[in-house]
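First, one chain by itself in structure tokens, the form predicted on its own.
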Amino acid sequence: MRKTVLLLLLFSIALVLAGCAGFSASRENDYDDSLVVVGFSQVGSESDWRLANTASMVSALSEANGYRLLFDNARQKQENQYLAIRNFIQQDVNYIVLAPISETGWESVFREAKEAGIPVIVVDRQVNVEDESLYQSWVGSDFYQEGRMAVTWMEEQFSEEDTPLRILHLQGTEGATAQLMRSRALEEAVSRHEAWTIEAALKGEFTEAKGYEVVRDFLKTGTAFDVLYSENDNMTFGAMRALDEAGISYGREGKVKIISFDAVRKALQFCLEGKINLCVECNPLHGPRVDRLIKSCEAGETVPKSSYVEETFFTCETISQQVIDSREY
């Protein structure tokens, strides 16, 4: 726990410094040339999951572990990631690691990296490119399977085929793999059940502030719903605040059942308290996985094109304080 808090503190300091200083001029600066130089472009710092993901990467790709890490916070803008990748190429890094904002639009910069002889490793969200040789490997979650876990739970909880089920769908950043696949799983389930309806699909952008804003405004319409299907925990926290303000009960004993994704510690605590019904895990700790991939590449070994992380789910009936305390994020 203390280690995680310290890493997050160091990360916050690094963000401030990065915002002031920007990139180093080149790899010819004074540092140990035995280190593997990695340029990492991160989506931003929009959620607790993202902070844990960055802390994991910073910890794994440290000088003590044989790396020099050049970090860039894209602040939710894809054009910032294009700029970061091109700066990494100019600095002649050994590897580029990308957590992409969206799936599309990467062919040009990936080709530039390939022509420069720099392997690209994609983490978290996936990329959609015609030529898959443009990137070395991808590691992340099976977001579609996460969605299927959620809808399977819904099918078990609401087993009466002719009972209407009204769903409020709170979506993440449009075009991100997590949004596309979690949405796909829900939409497929609704198409299988005639009595299920999506009352609205709101754009929450994976942030607590936006989740609160769009749910607050939706509640003013007076449209009733039975389930909140929220594509990440931070949007869920914002939605819970909006429901509290509107006097609408939720959770185990409430009117609205809540499904949330990521399963960060705060969400699991709410789950234990009966405020969130289902937390679907999305593991952010990709740093050690990227470290293993790079070390395999350095050793001349063949690495898998795709690596999925095993994940599970938690309900307010099965979660325990012991489980929560054992979590790293």
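None of these values were measured; they are calculated from a predicted model. We number the residues from 1 along the sequence you see.
Note that the form predicted in complex with beta-D-fucofuranose (GYE) isn't included here; everything after this is about it.
Chemist: Can you say which of 297-305, 66-74, 270-278, 45-53 gets within 4.5 Å of beta-D-fucofuranose (GYE) in the model of the complex, counting heavy atoms only?
Modeler: In short, 45-53.
Chemist: By the heavy atom within 4.5 Å rule, which residue out of R148, R125, K210, H169 makes contact with beta-D-fucofuranose (GYE) in the model of the complex?
Modeler: The option sitting close enough to the partner is R125.
Chemist: Exactly one residue in A178, L98, A239, A113 has a non-hydrogen atom within 4.5 Å of beta-D-fucofuranose (GYE) in the model of the complex; which is it?
Modeler: None of the others qualify; the residue that does is A178.
Chemist: Determine whether any heavy atom of F143 comes within 4.5 Å of a heavy atom of beta-D-fucofuranose (GYE) in the model of the complex, and answer yes or no.
Modeler: Yes, F143 sits close enough to beta-D-fucofuranose (GYE) in the model of the complex that at least one of its heavy atoms falls within 4.5 Å.
Chemist: Is C282 close enough to touch beta-D-fucofuranose (GYE) in the model of the complex, meaning at least one heavy atom pair within 4.5 Å?
Modeler: Looking in the model of the complex, residue contacts with beta-D-fucofuranose (GYE) include C282, since a heavy atom lies within 4.5 Å.
Chemist: I'd like to know whether F88 contacts beta-D-fucofuranose (GYE) in the model of the complex, with contact meaning heavy atoms within 4.5 angstroms.
Modeler: Heavy-atom contact with beta-D-fucofuranose (GYE) at 4.5 Å: absent for F88.
Chemist: Taking beta-D-fucofuranose (GYE) as it sits in the model of the complex, is Y229 near enough to touch it, meaning that at least one heavy atom pair lies within 4.5 angstroms?
Modeler: Contact with beta-D-fucofuranose (GYE), no.
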